[in-house]
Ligand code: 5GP
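As a starting point, one isolated chain is supplied in structure tokens, in the form predicted alone.
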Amino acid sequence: MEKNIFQRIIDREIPATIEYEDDEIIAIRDIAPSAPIHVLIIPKRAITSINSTDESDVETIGRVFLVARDLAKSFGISESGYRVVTNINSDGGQTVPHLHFHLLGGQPLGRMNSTHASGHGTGSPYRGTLREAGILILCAIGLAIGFNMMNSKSISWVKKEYDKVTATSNDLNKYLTSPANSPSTTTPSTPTTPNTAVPVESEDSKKTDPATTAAAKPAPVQEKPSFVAEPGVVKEITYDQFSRLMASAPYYLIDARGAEKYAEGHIGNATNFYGAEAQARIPDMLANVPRDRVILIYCDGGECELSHHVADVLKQFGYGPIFIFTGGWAEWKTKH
């Protein structure tokens, strides 16, 4: 059975920011925090959810809350307050089938349930149409926020701004494995004249000058550069740079568009990881995206937000270099 992301973190197969660890418990920073302090407290033993626990797990679950208490103290949120929750199955918002608890704090978290009793006493439960409308609006906003926070495909309330750095030729050249791609290393062919007689080689002509012989030897073949990882490096590239990397660099290509657009057409051997679902696809990406290749990502082109979503997730797990083709599918189609 394939390991889930938490088991791989526990086994040190993928990196994480560890806040606490002992023989039974590990606590790590959430890479997509829902509060200033958001730590995942995870029993190391493979337990799917609370539904899978029994009497033998009492001590482990108790330790989880002791770890939560101590972490809250260390983060300075014991007095101001915090929340410890766990999600169970799909309707509960659980996305990883391994029991874990969320420690949330550092800001007012609000009520867990906005439902409240009304109509007590002799007065009306609502005082006028405006109050009723206001309550309905607040309830709708609360439901929207709650659903968005618990949904694996949540939408950020604030548009994230990504640093956009343009790659230079030097950024690419170290990964180009074919000398033919560099004008300085291309050896021009010797022109020939049609109908030119080939001279007969005499015995004397076979005795060549050593210096001449050395000069006539072909230049040694340039060794292919070895891959050097650059964790966290994300840069944007043009169509020409993208084509050069695809032609002669060890690469892994990702299409960050939705599944429907990918099915209609995509570049070469691209693998589809939809940018809007990047967080939910973390286990798939970690299992399939190699670490010893240049990562190339494209979407429709333009702002490349979907590409940057995917790149941002891979960057957090130490992948790099990552190059985003800004022209995307739109430019590729016009030139192929």
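Worth saying up front: this structure is predicted, and the values here are computed from it rather than measured. Numbering starts at 1 and runs along the sequence shown.
Below, we refer to the form predicted together with guanosine-5'-monophosphate (5GP), which is not included among the displayed structures.
- Of the listed positions (Ile267, Ala35, Ile28, Ile50), a single one reaches within 4.5 angstroms of guanosine-5'-monophosphate (5GP) by any non-hydrogen atom in the predicted complex, namely Ile28.
- The partner is absent here; in the predicted complex, the one residue of Lys235, Arg83, His100, Arg244 having a heavy atom within 4.5 Å of guanosine-5'-monophosphate (5GP) is His100.
- Heavy atoms within 4.5 Å of guanosine-5'-monophosphate (5GP) in the predicted complex map, among the stretches 166-174, 89-97, 75-83, 259-267, onto 89-97 alone.
- In the predicted complex, guanosine-5'-monophosphate (5GP) lies farther than 4.5 Å from every heavy atom of Val289.
- Using a 4.5 angstroms limit between non-hydrogen atoms, Val313 is distant from guanosine-5'-monophosphate (5GP) in the predicted complex.
- guanosine-5'-monophosphate (5GP) in the predicted complex comes within 4.5 Å of a heavy atom belonging to Phe6.
- Of the residues in 297-330, only Phe317 comes within 4.5 Å of guanosine-5'-monophosphate (5GP) in the predicted complex through at least one heavy atom.
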